[in-house]
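Consider the single chain below, provided in structure tokens and representing the form predicted alone.
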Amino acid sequence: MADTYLSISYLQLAFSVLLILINVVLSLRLRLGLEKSLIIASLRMIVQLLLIGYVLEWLFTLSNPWSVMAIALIMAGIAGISAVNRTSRRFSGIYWRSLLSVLVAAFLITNLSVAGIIQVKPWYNPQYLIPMLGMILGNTLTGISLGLDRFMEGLVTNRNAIETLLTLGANRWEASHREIKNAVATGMIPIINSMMVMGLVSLPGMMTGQILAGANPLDAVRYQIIITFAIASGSALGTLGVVLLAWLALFSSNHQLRCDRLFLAK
């Protein structure tokens, strides 16, 4: 395999804007009203990716674990906040519960993958740690937001049935077990669906990027399998963690459902 790759110039990058214009034109012609969102999302993506590119270029030159961990914590913090911002309902303390779930799930799975499976030395090598953490965080964020939203909506929708079970003597776990199960399953669905067609319908971004950069396809595939299993584990742990923490907040120790603690997001 070649050891080189085709470098993309800023002029070529500018030409790629023509691709997103297809979406803008379709939105205008069909009156979808999405053109403003498309333009804002595109600009944000460009600025954010270019900034992180410069940050990573600087970070890769460092051998300081504290700098690497500081960047990792910032990424996790943003993921925890973003997960809650996607939900339609909130309750007091939801942000720290989301952040804690993201931190525990993403950092545990990332370290197991980087230090235990790939055996990177040193374990904080940013070339491996930061990209893998980013992929795990992105998918864990999605799982947490979907699971949280499903759990809270389930409690509101099935409030009468849950309170009836509590009145008949069921404890809070027995009365809410179905909602917990459905919420965790909902959070895991995106990665399961992705795994079902991976390699047949879609070529994952990490694998494609490595191949474009000149890596051996089989090496790229092995990395992709590891990161996919890591993403699945992170999503499952993060979703389960945040749903259980939400369960503790929305059911009292006296086995009462506290839907009064829920409020609609502004």
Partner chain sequence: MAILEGIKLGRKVDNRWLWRELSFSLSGGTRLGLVGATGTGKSQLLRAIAGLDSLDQGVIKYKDVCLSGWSLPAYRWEVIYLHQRPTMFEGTVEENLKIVYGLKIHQDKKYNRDLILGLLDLFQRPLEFLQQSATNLSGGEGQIVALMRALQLEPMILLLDECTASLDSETTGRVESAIAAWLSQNQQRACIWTSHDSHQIERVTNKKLLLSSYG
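Values in this document were obtained by computation on a predicted structure and should not be read as measured data. Residue numbers count along the first chain shown, from 1.
Omitted here: the form predicted in complex with the partner chain. The next part is about that form.
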Is Q256 one of the residues lying within 4.5 Å of the partner chain in the predicted bound form, judged by heavy atom distances? yes
Give a yes or no for G116: in the predicted bound form, does one of its heavy atoms lie within 4.5 Å of a heavy atom belonging to the partner chain? no
Do E163 and the partner chain come within 4.5 Å of each other in the predicted bound form, heavy atoms counted? yes
I'd like to check something about N171: if you look in the predicted bound form, is any of its heavy atoms closer than or equal to 4.5 Å to a heavy atom of the partner chain? yes
Candidate stretches 103 to 111, 155 to 163, 118 to 126, 79 to 87 - the one whose heavy atoms come within 4.5 Å of the partner chain in the predicted bound form: 155 to 163
